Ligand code: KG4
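First, one chain by itself: the form predicted on its own, in C-alpha cells.
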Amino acid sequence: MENLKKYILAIESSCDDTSAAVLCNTKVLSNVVATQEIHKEYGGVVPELASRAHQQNIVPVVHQALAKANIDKKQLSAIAFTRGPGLMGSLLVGTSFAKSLALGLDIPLIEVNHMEAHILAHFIEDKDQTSPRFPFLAMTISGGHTQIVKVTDYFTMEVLGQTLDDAVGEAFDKSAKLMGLPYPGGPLIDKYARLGNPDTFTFPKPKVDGLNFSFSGLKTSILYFLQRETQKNPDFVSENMNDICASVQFTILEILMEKLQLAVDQTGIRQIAIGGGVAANSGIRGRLKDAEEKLGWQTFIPKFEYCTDNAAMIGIVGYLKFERGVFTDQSIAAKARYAIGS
C-alpha cells in the first residue's frame, strides 16, 4: 500500500528572513525562521547584506527544521522553494540550495509564488485556524505588496487591484522613520497607536480609481506635516507620538478598508482573508472583526507566525502542487518580479 504521508521540505528566502519548514501533508511539523538583525543599522533591508546572511543561515536553518520535525532527509517526498517575487540575491540563495538538495536526493522540485503562498497559508491544518471556502477575496498586505485578489480555487487567482507605488508595509515603515523610530517601524506605530487618539490629526487619503492603491502621496503629506510642526515645536513628535501614530494608522486602515468594501460590493463575495506581514497589525485585525459584526463579512486572519515571511506557507503550496503532480525541473530560475497567476 502506498504511503499516504508526504513530507515536504519548504524553503523561503525572498527578503531578509531565512526560513525552512517540514510539512506532513497539510500539517506543519516545524517552521524555523532566522531573522537578520543587521538591517536595523541601515533603517531598511540592504539587498547585498541580505543575500550574504541567507548564505550563512540556510544550512543551519534547514538542519534545524529537519531535526525539529524528527525527519531524516531521505524521508522527504519533495522540496518546495520560493521562486519569487522578492530580492534577486536572496531568492538565488534559496533557489540554488533547493535545486541542489532535490538533485542530490533525487526527489521532485516545486516552485512557489511567494504571494500565492501568503494567500494559501489559510489552508495550513491548525486546530485554531479555519479555512475560507471558494470563492473568497484575499488582501495581501506586506512590506513589498498590497493587493486584492479574487481566489476561485487553489491556483485560480485574479488580481483585482494593487498598489501603484509604495506597499502598505513600506508606508508604515517610512512613516515611522520620519518620526525617528527604528526599523522595522510598522509594529511600533501599531504599538503607540493603541495609546493614542486617531482623530487628533487628519491626513489626506489619495484618490485612486477602482481597486488600486497609492501610498506615496500620504507618505509625503506626513513628511510635510512633521516638518511644519517641528519648526514650531522641536519636541512635537516626542510629545505627540501616540496621537501621531494613531492618526497615521487610522488613515492607512481607512484606505485599506474602503477598497475592500468596494471589492465586496463589486464581486458580492463576503469571505475575506488577509495575509502578509501587515496582517499582524492589531488595527487591521480589529477593523476586520468589526466588519464581521457590522457588514456580515466572514473574515479569516492567519496565526501571527504565518503572517510574516515563513516557510510553512511555502510548504502548504508545495503539498497542494505535489498532490496535483505540478513539479519543475533543474532549469528553473529565480524571478524578482513574479505576478500571481503567471
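All figures in this text were calculated on a predicted structure; none of them were measured in a lab. When you see a residue number, it is the position in the sequence shown, counting from 1.
The same protein also exists as the form predicted in complex with the ligand; that form is not shown, yet it is the one meant from here on.
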Problem - Non-hydrogen atom contact P108 with the ligand in the predicted complex at 4.5 angstroms - result: no
Practice task
Report whether the minimum heavy atom distance between F172 and the ligand in the predicted complex is within 4.5 Å.
Solution key: yes
Practice task
Report whether the minimum heavy atom distance between K99 and the ligand in the predicted complex is within 4.5 Å.
Solution key: no
Handout entry: Interface membership of D190, the ligand in the predicted complex, 4.5 Å heavy atom rule
Key = yes
Practice task
Select, from the options 23-31, 292-300, 52-60, 275-283, the stretch whose residues sit within 4.5 angstroms of the ligand in the predicted complex by heavy atom distance.
Solution key: 275-283
Problem - the ligand: the contacting residue among G161, P184, G196, G84 in the predicted complex [heavy atom, 4.5 Å] - result: P184
Practice task
Just give me the single entry in K259, H122, H145, K219 that has a non-hydrogen atom within 4.5 angstroms of the ligand in the predicted complex.
Solution key: H145
Problem - Heavy atom within 4.5 Å of the ligand in the predicted complex - qualifying residues of 300-334 - result: C307, T308, D309
